[in-house]
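Single chain ahead, written as structure tokens, the form predicted alone.
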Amino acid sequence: MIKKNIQILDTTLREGEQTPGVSFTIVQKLEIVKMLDAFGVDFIEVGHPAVSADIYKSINEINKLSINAKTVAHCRLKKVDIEQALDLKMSWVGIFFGTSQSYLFDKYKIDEKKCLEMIKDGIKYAKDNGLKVRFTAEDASRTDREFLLNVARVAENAGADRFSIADTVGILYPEKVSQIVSFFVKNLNIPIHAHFHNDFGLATSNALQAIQSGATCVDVSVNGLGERCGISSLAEITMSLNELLKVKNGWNFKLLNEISQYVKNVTNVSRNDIMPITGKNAFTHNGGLHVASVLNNPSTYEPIRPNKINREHTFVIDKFSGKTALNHCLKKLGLKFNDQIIERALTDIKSNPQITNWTDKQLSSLMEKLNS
């Protein structure tokens, strides 16, 4: 029996909303938060306020609720993101930064020394302004172990309250999870969190192994929603912890089915959509940072090349999209644009969060309007 307190961070409103085709209304987000709080999760990641106005507004409304769960704002390692969290009067921020060589050199164009400096400065800025910080090493599973330890120690010394290990492309399996998590539990004094993607169908087993190896919190989403094939599922993790590992907590299991059905109804995402390898979303990307990175180096957010199974990656244009993604899609359509029009187009796209996948026809119509 695992005797220590195990916590759950639900990221349906952030990671889950990055599922292609998903965009929750504010009313839906408030309902999901109330359900998750009644179920008994410890943390609710409420979104990335810098992404779009509707996300910022939804977080502001969520923070008016009287709930027991701690709300966490997702932030890049940038002062502008942290300042938005402060404006929203958040108590917790989840700061993330990619730490693998691929991310540093291909995505950020920086070296390891600069990475450590940025992590130190970003966390210190958040802490100096009274925030509690969970620092996530994105792509930790492909980061050199010794460098990742340097990252973790810099984060801890800068004041981070939690260190989160992210298996961003879902390449870990239980034995490797055990090695990595045990190593960081032994070498750090702050609690270890873990975030597992399901690209090979191992997110649930990996999360359970992380808990058995000393992690105190794992990330989940309702119905396993998330980028590509999603992440660990709230129902699978909490029920497995309770029934198989005999973890005792205050979870109200009578609400699980209601939560699952509600999210299924408002998202219309089937289990087959996020199935590993062959699911519709397995090689689909919509997040601005994700698309820009995949266009430069597909391996940053794809564990295998899609052509290995006679597929290709696809990009969705929605409120999470950035300049690079939109630029790429408009060029493929042969449409005329400049930097100013791109900015105006993105403003229009982010102002219409109900459109979860801008079609070629819709983009062409938007460009015609902006060019007139």
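A residue's number is simply how far along the shown sequence it sits, counting from 1. On a predicted model such as this, the values are computed, not experimentally measured, just so you know.
Only in words, not in the display: the form predicted in complex with ligand HCA, which the text now covers.
J.: If the cut-off is 4.5 angstroms on heavy atoms, which of these, 168, 221, 99, 198, is the one near ligand HCA in the predicted complex?
T.: Flagged contact: 168.
J.: Heavy atoms within 4.5 Å of ligand HCA in the predicted complex: does residue 18 have any?
T.: Although ligand HCA is absent here, residue 18 would touch it in the predicted complex, with heavy atoms inside 4.5 Å.
J.: Indicate whether residue 74 is a 4.5 Å heavy atom neighbour of ligand HCA in the predicted complex.
T.: Close contact exists here: in the predicted complex, residue 74 approaches ligand HCA to within 4.5 Å, heavy atoms only.
J.: Is there a heavy atom of residue 134 no more than 4.5 Å from a heavy atom of ligand HCA in the predicted complex?
T.: Although ligand HCA is absent here, residue 134 would touch it in the predicted complex, with heavy atoms inside 4.5 Å.
J.: Does at least one non-hydrogen atom of residue 138 fall within 4.5 angstroms of ligand HCA in the predicted complex?
T.: Close contact exists here: in the predicted complex, residue 138 approaches ligand HCA to within 4.5 Å, heavy atoms only.
J.: Among 346-354, 359-367, 7-15, 20-28, mark the stretch whose residues have heavy atoms within 4.5 Å of ligand HCA in the predicted complex.
T.: Heavy-atom contact with the partner occurs in 7-15.
J.: May I ask you to list the residues of 279-307 that have any heavy atom within 4.5 angstroms of ligand HCA in the predicted complex, in sequence order?
T.: Only 290 sits within 4.5 Å of the partner.
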